[in-house]
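Listed next as structure tokens is one chain, alone, in the form predicted on its own.
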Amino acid sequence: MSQTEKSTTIKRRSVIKGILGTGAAVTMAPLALNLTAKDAQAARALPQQWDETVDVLIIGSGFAGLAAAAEAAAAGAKTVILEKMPAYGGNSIINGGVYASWDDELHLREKLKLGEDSPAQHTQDTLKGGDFYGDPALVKILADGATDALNWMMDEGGCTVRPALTRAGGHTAYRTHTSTEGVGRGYTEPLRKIALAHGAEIRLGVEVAWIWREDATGPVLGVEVKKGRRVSNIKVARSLVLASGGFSRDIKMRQEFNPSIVPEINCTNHPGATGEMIRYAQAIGADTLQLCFIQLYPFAEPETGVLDKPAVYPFNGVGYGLVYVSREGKRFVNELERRDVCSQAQINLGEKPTYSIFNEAMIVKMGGAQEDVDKGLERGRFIKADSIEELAGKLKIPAAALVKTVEEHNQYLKKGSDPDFNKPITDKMIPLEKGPFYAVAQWPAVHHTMGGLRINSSAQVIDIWGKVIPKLYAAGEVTGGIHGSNRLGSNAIPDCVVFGRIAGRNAAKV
């Protein structure tokens, strides 16, 4: 350790001791650690008694929290999930239902003759997609564990997927699965089923107000919670798992770390994605990283920012020839680019919305369903026409320009080369020659916060001095260091489930 590092460490420890020491003169009760306290008067006394004790307490009931609960309960731990919202699932239940895995027990890629893939290829795509800011060891765990986690949900939870795979932006292989339901509920319900079968309990409408820890070297002790007007304290006998998601809905926090994500930008997230658990963890010494990396989903509903079923089609369809066009009827980006690139390309146009154009032949192949499309048509989300000219008229964009764009793109697919945007062409891509044709409007909205709590390969939370915080684990979007500067679409669910399972298993250990 350099002299500067020693000096910094000594200063940090002195601050902590100063706060605790001064506070001790005020009250005889032990004081709780709070590194965000501005002075000793802000220090809080630890609970003198606990209202309840559980083995493993999990904060958040999405993919990561449910997976953690399933594993912890299966290991014999008394496991409780706390969810502040009135319904379980958070962002996970309204997620687009897409899951990246190089294989599955159905061996869909092999059956559909969609080429080669491997965990190593998935790892490399994920690292590259995040500009190599992701921790290679953590990314490898995600890719290596994705298939087993998917099979586990299928075998134990009854999860089913559509008989299709797609190649999504930033991925170099056809590995994105779609739940039969076409939304995240297709995974949360199986996870909930597994967790409840092993005896886990889910409590709704319970908000965590603080994490209790006595000092900067000791373990997490428990949490303070609020349900209505009642405040109580729950002690953790084994461990606390944070699976509370990101902070896309917290405009103040977004602005603090990335001012370019202005308040006017819509958001796909549920109202509870406000990031307070990250702040509470920081108060007890947890380290964070890459909080400035905030992703826009390029294809949200333009006026509301909602991520509905039609909003997933632009993401799923690019591996089969779907094209993005502007209001001028022209392509503006390589459709297989990463989400951040596609979002910025739209913003650079300066005029919303943009559109995805596809035909009926692509629907099932991309993991869609005609039923979804028909419902989208009824709601006005999808626009249908028998010809490209008719479609342009309904979209109120120049017909000649759109026809020219589509005809040129059709030729690029046949020739295997895209001179306009250098899109990698595959033989699975379908020319837009035969109708019916469809369009869906799209525009970027805040979607995912890649930064969060620093964890290790065991899902343990690391403190600002690089040490493990005893009895504290984290998984899912509340963590950082996995996706880097940009998350590849369909990597969120395997990230949450794989690390949720790891956190749950380790948290249950005595």
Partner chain sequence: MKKRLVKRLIILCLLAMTWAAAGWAGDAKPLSREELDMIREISREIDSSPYLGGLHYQNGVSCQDCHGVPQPGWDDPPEAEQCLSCHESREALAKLFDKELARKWGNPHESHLGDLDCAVCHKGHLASTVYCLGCHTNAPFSIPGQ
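In this text, all values refer to a predicted model and were calculated from it rather than measured experimentally. Positions refer to the first chain, counted from 1.
The form predicted in complex with the partner chain exists for this protein as well; it is not shown, and the discussion that follows is about that form.
Partner-proximal stretch of 332-340, 401-409, 375-383, 214-222 relative to the partner chain in the predicted bound form, 4.5 angstroms, heavy atom: Stretch with heavy atoms near the partner: 375-383.
Partner proximity in the predicted bound form: residue 85 to the partner chain, non-hydrogen atom cutoff 4.5 Å: Yes, contact at 4.5 Å.
4.5 Å heavy atom contact, residue 271 to the partner chain in the predicted bound form: Yes.
Interface membership of residue 256, the partner chain in the predicted bound form, 4.5 Å heavy atom rule: Because no heavy atom of residue 256 falls inside 4.5 Å of the partner chain in the predicted bound form, the answer is no.
Non-hydrogen atom contact residue 75 with the partner chain in the predicted bound form at 4.5 angstroms: Contact with the partner chain, no.
Candidate from 229, 396, 107, 113 lying within 4.5 Å of the partner chain in the predicted bound form - any heavy atom: Comparing distances to the partner chain in the predicted bound form, the residue within 4.5 Å is 229.
In the predicted bound form, the one of 235, 428, 365, 185 near the partner chain [non-hydrogen atom within 4.5 angstroms]: Contact check passes for 185.
The partner chain in the predicted bound form - contacting residues of 283-313, heavy atom within 4.5 Å: 303, 304, 306, in sequence order.
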